[in-house]
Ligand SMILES: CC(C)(COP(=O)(O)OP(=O)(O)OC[C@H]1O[C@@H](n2cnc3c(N)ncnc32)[C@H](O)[C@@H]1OP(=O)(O)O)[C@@H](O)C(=O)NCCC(=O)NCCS
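What follows is a single chain, given as structure tokens, in the form predicted alone.
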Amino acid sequence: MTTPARPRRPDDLLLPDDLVLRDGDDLLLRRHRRSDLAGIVAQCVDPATVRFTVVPTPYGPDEAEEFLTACERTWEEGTAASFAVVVDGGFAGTVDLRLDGTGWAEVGFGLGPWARGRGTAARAVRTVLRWAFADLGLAGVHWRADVENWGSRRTAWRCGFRVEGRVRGLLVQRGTRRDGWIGSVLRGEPLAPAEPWEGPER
């Protein structure tokens, strides 16, 4: 069943229809397309994605179609900007910027296993943050992750997020509360490590 679009509120943002963000010649971010469906499914059945996110399980083409429809709806509503990460012409993952209507947002990101380990996530998140601060005028962006998700924390660290602390029961995953980290980066702060790395090397 399709969820109807909610009425636009005065604080919703008007997001450009054909927005494309780039970082170098090999990486771009754009709105999701139906041609991304197979890549979305492949990413969302990956064990690490299942472990650390709230994707439905099992996950197949129907779930990917629902995700694409939700991305279109929230973009049109101005409540979230969901970008497909494209590397060398191929789908690599997603960066979501969930807008709260008060000049702040929360970022979420994930790559398929074929695209990890090359700094792609940090490049993609920085690109979205630059756009969010410069074009949307956001004051700050939050990040949250499971306390066992060191890959997400390393990416956030590389992008300048300061970890504010570990919060018990911060996250809900498939009906279960899990401890999580929360961090933030403000407009004008460098999108580079702001503090020493405190986690495992890999």
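Bear in mind that the values here come from a model prediction, so they are computed numbers and not experimental data. A residue's number is simply how far along the shown sequence it sits, counting from 1.
From this point on, the text means the form predicted together with this ligand, which you will not see here.
- Query: Looking in the model of the complex, any heavy atom of Val167 within 4.5 Å of this ligand?
  - Reply: No, no contact at 4.5 Å.
- Is the gap between Ala48 and this ligand in the model of the complex 4.5 Å or less for some heavy atom pair? So Ala48 counts as contacting this ligand.
- Message: Is Gly90 part of the interface with this ligand in the model of the complex - any heavy atom within 4.5 Å?
- Response: Because no heavy atom of Gly90 falls inside 4.5 Å of this ligand in the model of the complex, the answer is no.
- Query: So, in the model of the complex, is Arg144 in contact with this ligand at a 4.5 angstroms heavy atom limit?
  - Reply: Result yes; Arg144 sits at the interface with this ligand in the model of the complex.
- Does every residue of Thr120, Asn149 and Pro200 put a non-hydrogen atom within 4.5 angstroms of this ligand in the model of the complex? Verified in the model of the complex; spot residues all in contact, yes.
- Pick from Val128, Ala115, Val86, Ala80: which residue has any heavy atom within 4.5 angstroms of this ligand in the model of the complex? Exactly one listed residue reaches within 4.5 Å, namely Ala115.
- Message: Counting any heavy atom within 4.5 Å as contact, can you tell me which stretch out of 130-138, 56-64, 27-35, 154-162 lines this ligand in the model of the complex?
- Response: Contact criterion met by 154-162 only.
- Query: What are the residues of 93-112, in order along the chain, with a heavy atom within 4.5 Å of this ligand in the model of the complex?
  - Reply: Going through 93-112 in order - heavy atoms within 4.5 Å of this ligand in the model of the complex - the hits are Phe109, Gly110, Leu111.
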